[in-house]
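Next up is one chain by itself, shown in structure tokens, the form predicted on its own.
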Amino acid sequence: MNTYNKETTCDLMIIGTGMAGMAAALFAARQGIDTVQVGLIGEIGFASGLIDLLGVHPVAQGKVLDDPWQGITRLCRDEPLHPYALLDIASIRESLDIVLAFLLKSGYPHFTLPQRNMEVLTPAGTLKPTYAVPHTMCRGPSALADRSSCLLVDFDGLKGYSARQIALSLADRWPELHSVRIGFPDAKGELYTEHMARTLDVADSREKLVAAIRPHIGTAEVVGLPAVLGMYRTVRVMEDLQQGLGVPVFEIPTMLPAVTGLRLREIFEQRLPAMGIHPFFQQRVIGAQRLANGRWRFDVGRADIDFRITARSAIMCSGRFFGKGLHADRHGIRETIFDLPVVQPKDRAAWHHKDLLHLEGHPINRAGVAVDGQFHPVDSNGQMLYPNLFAAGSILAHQDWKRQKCGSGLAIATAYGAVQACARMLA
């Protein structure tokens, strides 16, 4: 027999701790909504730290966008069912401005260009369009654009990252790109990026790193390193490295999960409770039931039920397959918490194209929960299912955020739309 350690009531339950869930919690806190948030806090650790607004459209043509705002206007015209089409441009801008201001106040500012995407290096040695980058990466796009003489540094024992491979891959585009591999201060054997970042929060370790890099700079005008330049004190770490080396420094994203996602996790985890959010982190929703009075009752725990939460409304930011918001088996794709209808191909044979690298992407990528203009989940006829249930983020149907390069932007903007609609309902 289950016993409950705690029973809680709230106006809003947010399910999920990825970018959509964290953004929804931030927006709800700003609205003064009594909010509980449940989810496994590690979800946002898989964020790249980049804020992709819209990088590619049309996907079938692989057209990389210079102006993401014009791109969104064209996308909404070409794909009227896309979640961005549920919002006006002013609302999308407002949502991003709020998140960027929050990160700035949290000591982790992000850099944008007016009306433009920028290109950032990836650990695979490719270039990726994005809208906003952490301040630790902002020198990279300008160095690439100027073809500055650049030294890329990596470290003995760091797997999944090769400065030499990046330099070779971009030799034609960026000929003045050179690489060196050195030892990391006071470390031997296999390195882990989180440990490296926390090590560089200590001034003595920064001094040792500067001393190890300085002999290799030569004529380099800028230095690129893997994204390990501090966990909590990135501004100070950047200042000390640049002062010690005498040239600008920038980070390159590493393979996920990455320090860039962990930084966001630490910020949201520390600041949201101070803003009034009641977190149930490292927990999951085990069951959901709609009560006779229309409210939702959620059973929450890890393996067994530890908490029971009754909420006037809920926003589902539970993600796709990786986040366990969706589950696929031989019978089809289902939504895992409320058993909502899922937009999907008629049978499994139609989930994927025969060509793995099909330009349009696979139909399963666009599977998900369909919503109306107020972000209420709807049935196959487009009818709202529940007036106090909303959905946001990657679980939404009719989008392919990976190929369209719009993951964080989509998460933030739809979370904003869902919270605005929820606030109106609660009022």
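Residue positions are given as counts along the sequence shown, with the first one as 1. All values derive from a computational prediction rather than experimental measurement.
Heads up, the form predicted together with a small molecule isn't pictured, but that's what we're talking about next.
Asks: Pick the stretch from 375-383, 65-73, 40-48, 355-363 whose residues have a heavy atom within 4.5 Å of the small molecule in the predicted bound form.
Replies: Every other range fails; the passing one is 40-48.
Asks: Can all three of T35, L340 and A391 be found with a heavy atom no more than 4.5 Å from the small molecule in the predicted bound form?
Replies: Checking in the predicted bound form: none of T35, L340 and A391 is within 4.5 Å of the small molecule.
Asks: Please pick, from P83, G319, P134, G224, the one residue with any non-hydrogen atom lying within 4.5 angstroms of the small molecule in the predicted bound form.
Replies: Going through each option in turn, the one that passes is G319.
Asks: Quick one: from L113, L256, A203, M275, grab the residue that has a heavy atom within 4.5 Å of the small molecule in the predicted bound form.
Replies: Exactly one listed residue reaches within 4.5 Å, namely L256.
Asks: Under a 4.5 Å heavy atom criterion, is Q283 part of the interface with the small molecule in the predicted bound form?
Replies: So Q283 counts as contacting the small molecule.
Asks: Classify I15 as contacting or not contacting the small molecule in the predicted bound form by the rule of any non-hydrogen atom within 4.5 angstroms, answering yes or no.
Replies: Because a heavy atom of I15 falls inside 4.5 Å of the small molecule in the predicted bound form, the answer is yes.
Asks: Would Q404 count as touching the small molecule in the predicted bound form under a 4.5 Å heavy atom rule?
Replies: Looking in the predicted bound form, residue contacts with the small molecule do not include Q404, since no heavy atom lies within 4.5 Å.
Asks: Check A411 for me: does it contact the small molecule in the predicted bound form (non-hydrogen atoms, 4.5 angstroms)?
Replies: Contact with the small molecule, yes.
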